[in-house]
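Here you get one chain, nothing else, as structure tokens; it is the form predicted alone.
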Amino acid sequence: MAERRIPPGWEYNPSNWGNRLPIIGLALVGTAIAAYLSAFQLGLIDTVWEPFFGDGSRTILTSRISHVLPIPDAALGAGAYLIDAVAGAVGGRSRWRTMPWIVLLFGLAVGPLGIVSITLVVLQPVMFDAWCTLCLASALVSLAMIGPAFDEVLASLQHLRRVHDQGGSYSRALWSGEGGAE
């Protein structure tokens, strides 16, 4: 059987490098932004760049919300973006079918990061009457990653469903790409 690169019913392959490289690039930009912000939160640098909102970035980055956990929120964000980049880079052009587990992990990494970013943006004016330029940029990066990442997740979920519906092993298809369908 010839290797199927485009999921059944789709007009394109969401696992193509042309679709994944922009997400990986955005994740690396997000990693850099979050690492810079975490350097400020950890006291490694004394000031943070803020071109639009006066002391807004300092207010947000030193708020009680940003230090709820033992690790500053920007450091967690940097780690999450790095996971996004690595999970986006693993596997070939047919990973929607051959490595559904990594695609689902990728989706689980991208989705919650976007939700957290939206929440943190909403909290800026509501709780602190301040804005943080790089925090907003980070949130935009997160949101830009969600749509393309979830196309690939949807293709993998559809593949797993087809395997299951055809009597194949869901777990085998999830972990090895084999399951008896397609």
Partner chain sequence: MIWQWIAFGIAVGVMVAPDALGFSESVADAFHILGPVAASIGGMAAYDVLRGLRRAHLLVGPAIALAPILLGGDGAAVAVGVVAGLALALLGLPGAPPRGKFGGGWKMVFGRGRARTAGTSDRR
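Positions refer to the first chain, counted from 1. Given the structure is predicted, the values throughout are model-derived calculations rather than measurements.
The following text describes the form predicted together with its partner chain, which does not appear among the structures shown.
The partner is absent here; in the model of the complex, the one residue of A32, I118, I45, A137 having a heavy atom within 4.5 Å of its partner chain is I118. When contacts are judged by a 4.5 Å heavy atom cut-off, G54 does not count as touching its partner chain in the model of the complex.
Using a 4.5 angstroms limit between non-hydrogen atoms, R161 touches its partner chain in the model of the complex. For W131, a non-hydrogen atom is located within 4.5 Å of its partner chain in the model of the complex, even though that partner is not displayed. Using a 4.5 angstroms threshold between heavy atoms, L157 counts as touching its partner chain in the model of the complex.
Residues from 136 to 152 that approach its partner chain in the model of the complex with a non-hydrogen atom closer than or equal to 4.5 Å are L136, L140, L143, A144, I146, G147, P148, F150, D151, in the order they occur in the chain.
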